[in-house]
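What follows is one chain in structure tokens, specifically the form predicted alone.
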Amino acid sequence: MLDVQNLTIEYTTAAGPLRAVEDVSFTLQRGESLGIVGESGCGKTTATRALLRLLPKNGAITAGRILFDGDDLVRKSDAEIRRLRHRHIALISQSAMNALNPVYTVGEQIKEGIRAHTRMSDQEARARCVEVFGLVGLEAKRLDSYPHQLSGGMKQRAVIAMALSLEPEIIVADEPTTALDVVVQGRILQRLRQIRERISSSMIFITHDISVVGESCETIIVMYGGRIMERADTRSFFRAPAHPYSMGLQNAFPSIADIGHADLVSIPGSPPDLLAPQPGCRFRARCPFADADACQTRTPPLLQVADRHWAACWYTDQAAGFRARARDHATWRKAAADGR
């Protein structure tokens, strides 16, 4: 249903052009849930907001195609994109408070979106609002509440209801549970899974938390420095990550299976400066397994390592040994000490 091909996005800045996304390709099947993970600034939000042409004024798609049911969204006019947003591809934004207008009731805001894309009467739109509020576990009377009268979890559910109101084919969820406590986060994730199954929508889940992807998605993409480092089905990714960055991400998050048995291992260093990208692998400066030859001079393509599993690393044949060494703090400390 969605086919992103060689997408490149640049921002114009006072310091020069910044290539935030470079040569990114992925597909999304009907009914599939895809998770895109990575540290802040890796390009995951930029890449997915480009689907809706919601880049800031200084951002532009400079290469690539975004095919939705065969139509290239990059070439569509602003009017055509406005007709597509919310109706066919909807966004659940990261900050529910910023997504809601404080001077209108929540119900009026949802109705506005429904009536902009359909010929429903005011009464029919209200009935639809009641229905989607029921889907996300909110009482109908809350439609008459203003955003400040709702808790953080309730506001987030209202934003989810808004995105679901027209049963779009694709839902883009940008860090929808980041500001919520663990209990509310768990409930919202469970509700999203139930809703996705009920209305048969596909979902793109953007997050820095790989545990959320493990719980909610069938496929995972790992981004770093504007590029894809790894793409795999979720089970294969968690069982046998093939890129050193993915190994670092997994070791930096707690695992229920390893409670009391394994320490969290952080990745020293900072993401690369995309205003002045260096040749070679984007992760090489922080990678404990990088060499001075291929890693520093040539950009690795995505290489297939297993069925439905690809990684952008020159040494995927050594991944098993890397995984064992990546669990040791000393491995990463040595890379940091070497100044890579």
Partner chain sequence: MAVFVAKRLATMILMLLLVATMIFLMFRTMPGDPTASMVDPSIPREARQALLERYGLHESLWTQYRIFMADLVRLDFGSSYFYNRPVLEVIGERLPATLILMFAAMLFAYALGVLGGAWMAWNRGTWREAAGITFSLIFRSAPTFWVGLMAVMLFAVTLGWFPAQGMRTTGYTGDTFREVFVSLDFLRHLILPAAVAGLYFLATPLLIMRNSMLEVMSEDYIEMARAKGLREIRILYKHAARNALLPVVTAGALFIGAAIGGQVLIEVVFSWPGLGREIVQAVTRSDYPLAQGIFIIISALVMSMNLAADIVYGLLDPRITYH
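Since this is a predicted model, take the numbers as computed values, not measurements. Residue numbers count along the first chain shown, from 1.
Keep in mind that the form predicted in complex with the partner chain is not shown, yet the notes after this line are about it.
Engineer: Would you please decide whether Leu303 lies within 4.5 angstroms of the partner chain in the predicted complex, comparing each non-hydrogen atom pair?
Structural biologist: Answer no; every heavy atom of Leu303 is more than 4.5 Å from the partner chain in the predicted complex.
Engineer: Given that the partner is absent here, does Gly248 sit within 4.5 Å of the partner chain in the predicted complex, heavy atoms only?
Structural biologist: So Gly248 does not count as contacting the partner chain.
Engineer: Tell me, yes or no, whether Leu164 is in contact with the partner chain in the predicted complex, where a contact means a heavy atom of each within 4.5 Å.
Structural biologist: Heavy-atom contact with the partner chain at 4.5 Å: absent for Leu164.
Engineer: Indicate whether Glu112 is a 4.5 Å heavy atom neighbour of the partner chain in the predicted complex.
Structural biologist: Output for Glu112 is yes: heavy atoms within 4.5 Å of the partner chain.
Engineer: Between the partner chain and Arg82, Leu91 and His148, in the predicted complex, does every residue show a non-hydrogen atom at 4.5 Å or closer?
Structural biologist: Yes, the whole candidate spot contacts the partner chain.
Engineer: Name the stretch: of 285 to 293, 52 to 60, 22 to 30, 309 to 317, exactly one has residues whose heavy atoms fall within 4.5 Å of the partner chain in the predicted complex.
Structural biologist: After filtering at 4.5 Å, what remains is 52 to 60.
Engineer: Which pick from His86, Arg196, Lys155, Arg126 sits with a heavy atom within 4.5 Å of the partner chain in the predicted complex?
Structural biologist: Spelling it out, the residue with a heavy atom inside the cut-off is His86.
Engineer: Note which of Thr118, Asn98, Gln190, Ser211 lies within 4.5 Å of the partner chain in the predicted complex, where distance is taken over heavy atoms; exactly one does.
Structural biologist: Exactly one residue meets the criterion: Asn98.
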